[in-house]
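Before any questions on binding or motion, here is one chain by itself as structure tokens, the form predicted on its own.
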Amino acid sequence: MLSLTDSVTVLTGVGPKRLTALNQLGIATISDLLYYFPFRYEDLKVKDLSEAVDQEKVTLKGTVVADPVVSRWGPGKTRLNVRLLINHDVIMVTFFNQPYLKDKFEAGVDIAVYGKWDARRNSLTGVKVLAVQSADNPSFAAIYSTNKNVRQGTLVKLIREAFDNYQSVIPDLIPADIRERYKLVSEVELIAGMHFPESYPEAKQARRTAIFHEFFLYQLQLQVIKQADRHVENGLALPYQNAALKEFIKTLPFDLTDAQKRVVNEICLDLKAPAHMNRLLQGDVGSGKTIVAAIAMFAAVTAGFQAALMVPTEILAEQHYQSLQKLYAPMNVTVGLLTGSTTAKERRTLLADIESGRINIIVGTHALIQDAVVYHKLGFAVIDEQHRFGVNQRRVLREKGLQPDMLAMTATPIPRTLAITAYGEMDVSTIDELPKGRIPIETSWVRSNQVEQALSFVQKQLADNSQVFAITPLIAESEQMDLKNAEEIYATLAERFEPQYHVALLHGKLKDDEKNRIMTAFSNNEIQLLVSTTVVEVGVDVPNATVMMIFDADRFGLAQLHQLRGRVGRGKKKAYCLLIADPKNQQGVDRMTIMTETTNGFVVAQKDLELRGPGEVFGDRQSGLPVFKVGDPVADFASLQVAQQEVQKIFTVDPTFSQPAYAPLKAYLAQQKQNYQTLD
């Protein structure tokens, strides 16, 4: 019985050697082959010479005037010249390094040649010879990514054989009502149109369906993961004490914004439910995510559970520890701090207190997931700056407790495009409102010939008892890159501002205790001007800092620039961000322009995505962002969004796929599950 899971070895000419070559392209089964789509098409339809555009690839048909001439012009290099009569014009056609084509040309015979037209020389640089009026040479050809062991022609023949033999067992995975609603073609038409289109409109319609098909199946798998997570047998219900929670919120020194209240309610509903919580909390820099997490952790404690807060750096862990101790002081909640710098003696006591339950909330770095850490009753875990941690680290933290509810937080606002793809299996809560009274940061683009004016401005800010960050892309001078470095800037600023103001240098090569000492001194205003690399990007909170200077700012991504800008403006004074840059390309200019036009992190993130693409923004491997074959989550966002909505409807109406219309989907998911188990 034929199956799309059959090995490609069932096809003509596919032995062990060719199978290995196909495997290198990611092709092992008939399904892999049928869904190995071309990346572009060539229009091989014969054009009239008068329609040919300079430097355009065209197919021209003419009569061979005389036998071709092959000449050598270097070691192993050949040139084949042949003249064609097209209407009343004689043009020269040249093929490089294809002397074997000589036998294709015979004086007086009509021939069609595909190549690049040079209008000035009235000549064609040939790519391939086409048989005139031949069914084997369609007027619209698919072009595939290949390797040295698999040629285009071989791939096309294998795909054609696979399609001819297996089209009767190709299932329609997209239900008929959805296809009809969005004017999509069937699965068989999709595959035929992608590989063997007879016209551009046919290829376009097939591609439109292929994009939706790809997004639809991806969203289907994400929803399966999400549903499975919600029905974890040992999911926890945390029956928190609502009265105590309200009492705690009253002790806060400020009122929550409407967005914070909404998000707290979303998280608390998840805590109470027996299903497992897997939620992403996103919000712009300074939107108040930490206080939301603090409220949620307190709720878990009132339910009789422990809570953990895992952060990427010791500096950040120390800051959270100090602020949470102050917040929880009126509520009799114990907080512990566990990092790599915790001394052996402190660690022994701390581990015993965590295991006994004497500590309610544990703050720390990845030290929280070490084998020696045994929790008494961990019911809720928060991961701050979640993209800094890998999937395995998050999994280990979950396994440390009683399958605790998980809240991941990020200060890198995620465009809806990425929320649907990279985080589609998570529920997303968004704080889209800044606390009242927060003064927007004024951002200016400063050219290198204006630095003196910028430093005069810094002088005034320092005289007003404010503090300043100066950020550079490099630590030390580099022969490879002509960029400002921290050591050079430190020397320049120290010479200018000391001894009146204390200038310090911070970078990633310093030991952790030295970094902590410098940051603590800066926080206490013992250091007024801190020169640093991007080690300060995340989580450093110095309310008295009012100026962020970023040297060679065009070398940073938009999201990173926005994060750095968010390190200032945390107090009551007006804050400024000075972007010092002389961009050498349009993308650098665009970054500077966007940063000066908006302080909205969600707008910045979307622009960053458009400029750099999803893989570069998050890093495919790190974020788990899928690499789609035909769809582009940014360019094809409308299709992505519709696919997500349609999948959610199916899970709402028929989560077990019991209806006959969903039988192909049920079989597809079963096959996918089997594939994953085989990989494990």
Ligand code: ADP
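Keep in mind it's a predicted model, so treat the numbers as computed, not measured. Residue numbers run from 1 along the displayed sequence.
Keep in mind the form predicted together with ligand ADP is missing from the figure; the text below concerns it.
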Ligand ADP in the predicted bound form: contacting segment from 178 to 186, 330 to 338, 579 to 587, 250 to 258, heavy atom within 4.5 Å: 250 to 258
Counting only non-hydrogen atoms and a 4.5 Å threshold, tell me whether D270, R279 and R398 all contact ligand ADP in the predicted bound form. no
Is there any non-hydrogen atom of E214 lying within 4.5 Å of ligand ADP in the predicted bound form? no
For D405, is any heavy atom within 4.5 Å of ligand ADP in the predicted bound form, or not? no
Using a 4.5 angstroms cut-off on non-hydrogen atoms, would D552 count as touching ligand ADP in the predicted bound form? no
4.5 Å heavy atom contact, H195 and ligand ADP in the predicted bound form: no
From V603, V285, L245, A112: within 4.5 Å of ligand ADP in the predicted bound form by heavy atoms is V285
Ok, E161, D432, D541, E266: which has a heavy atom sitting within 4.5 Å of ligand ADP in the predicted bound form? D541
Which of the residues spanning 287 to 326 lie within 4.5 Å of ligand ADP in the predicted bound form, based on heavy atoms? S287, G288, K289, T290, I291
